[in-house]
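Here we start with a single chain on its own, the form predicted alone, put down as structure tokens.
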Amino acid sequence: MNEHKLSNYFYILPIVALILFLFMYPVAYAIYISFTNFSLYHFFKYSLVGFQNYVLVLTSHTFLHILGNTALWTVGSLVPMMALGYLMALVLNQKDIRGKRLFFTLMLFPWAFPAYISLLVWLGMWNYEYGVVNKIIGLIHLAPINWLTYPDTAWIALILTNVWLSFPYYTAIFLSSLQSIPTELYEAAEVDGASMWQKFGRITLPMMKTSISFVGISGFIFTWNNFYPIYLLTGGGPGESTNILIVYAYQEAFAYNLYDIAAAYSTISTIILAIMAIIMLKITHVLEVVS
């Protein structure tokens, strides 16, 4: 490496150092806190305690329960979000549909609208006495449901709300990917007499394999750490029946002032998510395609 190349690296060194600091410092500090007894009771004078917090978290029954909830929340939301987004993209990709641009623009509103406000609206919609959801099911003579009071109905309400908030994003990504497929492939398939399902199975799906994999992995990571829907709608309740790792860590820190336990939960959640993301990247070969 000559002197000129070395000087080029020297110029970008401050930017690289700043980026590393901004990205790595919060993570490194959280990991450090997880090895201490930092809490409200040891706020000014805390010390290292080794793996004590991790042992406490991993041996508690709460951890496995919260981890199961996190998996249910992630997979239960992601599958219908991707399926609905893909279905809508296929419909909007048809040439002979009129007004699809207007429909697509309107459909983006749930995603573009501030999620915090949307969730507060949904909180009112699920209300037992005044919510519009119970008003609608009352039209078909069904009894009103106390949606957020019982675990099963609370999960239904949470996942439906999350699907409504997020599926426009998946539709936009899938539609963009569909429109990048060369039309010549479909024209050649029609000449060969291929049916609609044959074109879908032999052209559309293979051409979108990378997009579907990437969207699935990024959606899995985002949904795993999606904090607001559960925090605002149920707060993890009733009890801990809908709580997930990210919400539980927040509550440990800011409701009970146990910053060390919260940091341990956050670190464990990040490690689990990183391992799962690496496995999914390995299976789908997304990075090999990108490189």
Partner chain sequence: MIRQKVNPKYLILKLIRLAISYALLIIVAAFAVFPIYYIIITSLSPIPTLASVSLKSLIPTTVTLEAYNGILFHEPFLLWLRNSLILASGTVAISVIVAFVSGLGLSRLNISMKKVLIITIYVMTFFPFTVTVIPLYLMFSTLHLVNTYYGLIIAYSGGNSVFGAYLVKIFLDNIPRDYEEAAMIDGLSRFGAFTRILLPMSKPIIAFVSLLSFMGAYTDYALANVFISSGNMWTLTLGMYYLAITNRSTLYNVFAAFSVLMGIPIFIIFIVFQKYLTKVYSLSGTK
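Positions refer to the first chain, counted from 1. Nothing here was measured: the structure is a model prediction, and the numbers come from that model. Heads up, when I say rigid core I mean the largest set of C-alphas that superpose within 1.5 Å between the two forms.
The following text describes the form predicted together with the partner chain, which does not appear among the structures shown.
_With the distance limit set at 4.5 angstroms and only heavy atoms considered, check whether 75, 241 and 256 all reach the partner chain in the predicted complex._
Not a single residue of the candidate spot has a heavy atom within 4.5 Å of the partner chain in the predicted complex.
_By the heavy atom within 4.5 Å rule, which residue out of 94, 149, 180, 198 makes contact with the partner chain in the predicted complex?_
Of the candidates 94, 149, 180, 198, 94 is the one lying within 4.5 Å of the partner chain in the predicted complex.
_Taking the partner chain as it sits in the predicted complex, is residue 230 in contact with it (heavy atom to heavy atom, 4.5 Å or less)?_
Looking in the predicted complex, residue contacts with the partner chain do not include residue 230, since no heavy atom lies within 4.5 Å.
*According to a 4.5 angstroms non-hydrogen atom cut-off, is residue 173 in contact with the partner chain in the predicted complex?*
Residue 173: contacts the partner chain in the predicted complex.
*Looking at the partner-bound form in the predicted complex, is residue 186 within 4.5 Å of the partner chain by any heavy atom?*
Heavy-atom contact with the partner chain at 4.5 Å: absent for residue 186.
_If we define contact as a non-hydrogen atom of the residue within 4.5 angstroms of the partner, is residue 30 a contact of the partner chain in the predicted complex?_
So residue 30 counts as contacting the partner chain.
*Thinking of the partner chain in the predicted complex, which stretch from 213-221, 200-208, 67-75, 149-157 has heavy atoms inside 4.5 Å of it?*
Checking each option against the 4.5 Å cut-off leaves 213-221.
*What are the residues of 93-125, in order along the chain, with a heavy atom within 4.5 Å of the partner chain in the predicted complex?*
The stretch touches the partner through 94, 96, 97, 98, 101, 103, 104, 105, 106, 107, 108, 109, 110, 111, 112, 113, 114, 116, 117, 120, 121, 122, 123, 124, 125.
*Return yes or no for residue 271: a CA shift of at least 2 Å between the shown form and the other one, with the rigid core superposed?*
The answer is no; the displacement is under 2 Å.
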